[in-house]
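As structure tokens, the next two blocks hold two forms of the same chain, structure 1 and structure 2.
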Structure 1
Amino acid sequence: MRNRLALVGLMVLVMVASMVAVGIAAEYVPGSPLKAGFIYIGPIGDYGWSHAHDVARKAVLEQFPWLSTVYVESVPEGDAGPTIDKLINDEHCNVIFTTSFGYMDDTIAAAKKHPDVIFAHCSGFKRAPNVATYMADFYQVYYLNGLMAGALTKTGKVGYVGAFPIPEVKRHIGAFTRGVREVNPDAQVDVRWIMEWFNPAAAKEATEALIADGCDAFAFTEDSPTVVQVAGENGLLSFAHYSPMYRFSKDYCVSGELVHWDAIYADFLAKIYAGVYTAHNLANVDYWWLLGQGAVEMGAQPGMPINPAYVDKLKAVTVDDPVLGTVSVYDLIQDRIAEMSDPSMVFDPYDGPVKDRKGNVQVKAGSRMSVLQLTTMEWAVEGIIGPWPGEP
């Protein structure tokens, strides 16, 4: 009997050693210390996307005494697999957050390889039993910024510096354009792609080119304050992206988008700790958090939804809304915030009818785009000019 027990014990030790050797992680036990690994596309000092995620990481780390974290910055898209393996095998992470759209396929592949590890992929649409998806999305806030840009542009040409032409960026530009043209129906949004998430030199060059083409207001997706700075140096308006950028152009930064990734991270991690989320029940878990969930807000900096220098100017411009009647753009913005924050989502920037720039109806009257349609969007709305890779 003793020999049999000894043999069984030896077999267990061999199995455990084998699991460690091949990198098979043990399943997380609810209520025990939890370690989360974060993979970032850019440097944490980019003052944009990666910076915002890291601010949130620090916030939840301070909030939860049972949590420890580790991060890896500047990991190229399409090359996340080895980093994921290292976080699991060497750092012993129970949870992996992959924070860029281009990590999607690597995340799914790693999840199959590590079935007992919990994964969450940001901005994607592929899930698995141990892979959730999440997004604090800005399309509502971009629409609100578009209302302001449409009211304040003097040339009727608004510039947009885009990073990569992925569905996320395309729906943001579309919502922004919808806002611009709701106030200024003849205005156009001129898009320039730089094919980089963080490249201040390319962002500067694109902004200067748009200025040369007559644009006098700017929005962007690039993880630095470069567009805000270049626009300000030329006495032109801008809308900040992801982080507070008012201080980079106090006279010309009108508003922007601010993110609260910590709202999502706190909810997700707390549910793992409590045993609500496991490595077996995440296939239908998709955080799509907007204004109503407190994941995003409008503003050039916290506590400043609109730069005070532009409030009276926005109050001086009026539009005729079929429901609200004649209303100032400033009041329209406040009404839209309330409508989009309502649990029933009274208003959405993509409420139909919506046509693409080729004249095709993409959203019928009385209809609204689904989350899947938003997260896979490729077409350009009316009013967008410039190249549009992947356009149907």
Structure 2
Amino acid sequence: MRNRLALVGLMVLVMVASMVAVGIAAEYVPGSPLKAGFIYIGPIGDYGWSHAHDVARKAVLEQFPWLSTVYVESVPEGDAGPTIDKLINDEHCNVIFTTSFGYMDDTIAAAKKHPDVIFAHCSGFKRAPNVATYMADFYQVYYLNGLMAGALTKTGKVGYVGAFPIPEVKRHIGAFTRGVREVNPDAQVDVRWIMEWFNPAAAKEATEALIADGCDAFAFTEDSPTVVQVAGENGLLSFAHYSPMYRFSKDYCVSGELVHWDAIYADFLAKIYAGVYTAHNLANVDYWWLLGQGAVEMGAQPGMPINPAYVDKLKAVTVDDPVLGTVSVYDLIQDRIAEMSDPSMVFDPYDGPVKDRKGNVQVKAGSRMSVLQLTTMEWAVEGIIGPWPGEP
């Protein structure tokens, strides 16, 4: 009985203490030491999404002497709210990064509860005075990889292993296919879905299924190096995704996409430190960062845009471009990188006319897709074969 009383007493004490803690969370004073909390959906050992965010966290930690950080990994979507509370009340974080789409509503709710704390939510579309959004998107780089795949495929069938059939992945497959068909108008991109972000065995069997169906080059959107490994084991080409994967298949991994979340984190945190961003002026702050801002990079290893073993092969294949004339694929890639990195974005992979695979014109000649259209895209670009759940 006495024990139970003591327990109740302790619980009351904890509750009072936590209320007091909520009360003392004060607004960040620019120029003072700053503490940032990161919430990850997966384990940092996934070598994919969460791993990349954590690499960026360490990079900015090293860059800014006034910064300290704390992170929580493998937080299920439903647990974001309590985790945020803990980071604010116990860890006294001034800034919270929620790094998964599924944390969106919890982030907005927590931002209302803690109006003095600054939040940034990754890959979502809801903002508030103290919630910014950010995303480093790959569709331009997928397009560049597609140009290479189109030039190098011998069977005319390129395989793609997708995680979930959501707009982000569909946009990537579409851009990749645009690249493939620009060089190789008859080539097809065959898609298999594994319905998980991370499952090496599923990714392996999906790749094997595509190999059995005659594909000889592979790209993917899921969180492991499996596709690169399996393609390499079979002597087939691959394009890496997210993390440096060149070393998993040095002879066959042609290029890929690399992310630099630290570019966004550094910019955002520096502006908070300088007092540019506060808990009151973020309602219109949306980082949609691409090649031009250095948030993404082409290559399977930093500093190596194209595997040297394939440079000559890409120089040997030529295409007729209405603007550039007859150019080698290698030169076309260099031109496109320059065009897409240019602040005025002279070129976009989805520049019209673009047809979907049912023959409907989705983007009219002379027009371009808006960010909103890109982030809600459900249709399949012409040249994609295979299943497409949610196809309009």
Partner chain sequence: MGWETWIIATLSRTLAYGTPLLIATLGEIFAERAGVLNLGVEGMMIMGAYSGFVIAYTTGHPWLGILVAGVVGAVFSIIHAFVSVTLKANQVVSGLALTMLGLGLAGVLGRGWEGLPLFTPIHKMTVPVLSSIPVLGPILFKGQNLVVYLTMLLVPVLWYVLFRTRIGISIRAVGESPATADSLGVNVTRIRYLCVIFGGFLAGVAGGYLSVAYRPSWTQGMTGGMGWIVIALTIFAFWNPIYGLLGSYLFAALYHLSFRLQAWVSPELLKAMPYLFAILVLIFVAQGTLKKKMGAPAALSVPYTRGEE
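Heads up, when I say rigid core I mean the largest set of C-alphas that superpose within 1.5 Å between the two forms. All values derive from a computational prediction rather than experimental measurement. FYI, numbering is relative to structure 1, first residue = 1.
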> Which depiction, structure 1 or structure 2, is to be taken as the form predicted alone?
Replying inline: 1
> Looking at how the rigid parts shift between structures 1 and 2, which one of M135, A240, I96, K170 is at the hinge?
Replying inline: M135
> What is the rotation of the smaller rigid part with respect to the larger, given in whole degrees, between structures 1 and 2?
Replying inline: 10
> In Å, how far apart are the CA positions of D90 between structures 1 and 2 with the rigid core superposed?
Replying inline: 4.5
> Following alignment on the rigid core, what Cα displacement (Å) is computed for F119 between structures 1 and 2?
Replying inline: 3.0
